[in-house]
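A single chain, nothing else alongside it, follows as structure tokens in the form predicted on its own.
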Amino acid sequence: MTSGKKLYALGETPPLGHVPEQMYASVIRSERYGQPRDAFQIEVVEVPKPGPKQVLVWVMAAGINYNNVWAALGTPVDVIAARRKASPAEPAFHIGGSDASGIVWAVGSQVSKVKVGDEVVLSCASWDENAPDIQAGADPITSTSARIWGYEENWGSFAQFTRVDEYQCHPKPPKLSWEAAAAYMLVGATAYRQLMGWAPNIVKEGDPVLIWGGSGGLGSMAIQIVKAKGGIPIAVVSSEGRMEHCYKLGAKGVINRTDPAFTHWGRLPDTSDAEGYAEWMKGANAFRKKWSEVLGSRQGPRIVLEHPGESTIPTSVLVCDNAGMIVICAGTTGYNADVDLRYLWMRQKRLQGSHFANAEQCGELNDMVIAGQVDPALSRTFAFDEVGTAHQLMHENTHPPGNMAIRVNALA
């Protein structure tokens, strides 16, 4: 590795292995917290140095995820303040981006699995391999040391260079463009763990699976994974215009949650409120009837892939099959979710939390992409100076179905 003072413009590539002292990055600062379109600004910052087990990657393209909408807003977590509270030496800025494709540009002294020049895609989870819980045998993604790179951790992919741990690097699918390769890992590995990580409740041949938000990034990946594993994916979307996207990815059926018959979204009425509960059940049963109509059977979903949370959990628990699983990775409509426990214990259903994936699961998902079983579902690509614009669209829920990417060093 060599270094130098020259600042390389976007689209200008330094010699392989040459690391400049500075780089361009799309940066959030606390004084700009607010609407994403204003929070992100391109600045010149220092290039981070890799530690012994770390890798410096020349970023070709970056993926867009909702976590950096939160970072831009400064809520529900002020990520800059949180890092500086833990370590005052942390920079007073945030470089987001939790998905990327790129080229290994420099490696630490103890790195052995990748080398300079390798084309890679990056997974977003990092952890302390020496943490006591990991040393005791815990799944690393469940460790108290686990953090999301490009959100909880700094030096994400919205910059010419990014710094990651070695185990975050996976081979770039050779047939994909840089942009497509940058768009799938966070949502894809999250969906993969939800669907394949919680034995015995994993997708099996013929299993019907209910997928909330089927046209979003997570749902787009889930539909394809379920189909590839022999299951029957049925998606829920927010408009008629998003249904065709799900069908193209392999959904057997699609339900429009804005159907006027579904009058029950939101928190569950108290079970002592007979009238309110009956009204809620009317709307929920209308949804259950629609599910049966689309599936062609009265069997409930063996797995419900959840992320809306507050508005949908009561319905998910009701419709889930006996001994089935509701697996949730987020709470995009709110965190206060009500459960009628009678359906949970009497029907022996499982309510399971799930957060991203471990390195092995990321590798298994990546193998599916390499094999052509899962497509990144890239819907739109933005220029580097449009990072804020892309996140604004996501914040307003006006972004296109599927996944989005940012060109960083890749040329259009």
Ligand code: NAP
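Since the structure is predicted, the reported quantities are computational estimates derived from the model, not experimental observations. In case it trips you up, residue 1 is the first one in the sequence shown, and so on.
If you look for the form predicted in complex with this ligand, you will not find it shown, but the lines that follow are about it.
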Contact label in the predicted complex: His18 to this ligand, heavy atom within 4.5 Å: no
In the predicted complex, does Phe356 come within 4.5 Å of this ligand, counting heavy atoms only? yes
Can you check whether Tyr33 is within 4.5 Å of this ligand in the predicted complex, heavy atom basis? no
Given that the partner is absent here, does Gly217 sit within 4.5 Å of this ligand in the predicted complex, heavy atoms only? yes
Tell me whether Cys329, Thr332 and Asn397, taken together, all sit within 4.5 Å of this ligand in the predicted complex, counting heavy atoms only. yes
Sole residue of Gln54, Thr381, Asn67, Gln361 within 4.5 Å of this ligand in the predicted complex, by heavy atom: Asn67
Just one of Val304, Ile223, Val121, Leu186 has a heavy atom within 4.5 angstroms of this ligand in the predicted complex, so which one? Leu186
Given a 4.5 Å cut-off on heavy atoms, tell me which of 267 to 275, 310 to 318, 152 to 160, 81 to 89 is the interface stretch with this ligand in the predicted complex. 310 to 318
Within 231 to 249, the residues that have a heavy atom no more than 4.5 Å from this ligand in the predicted complex: Val236, Val237, Ser238, Arg242
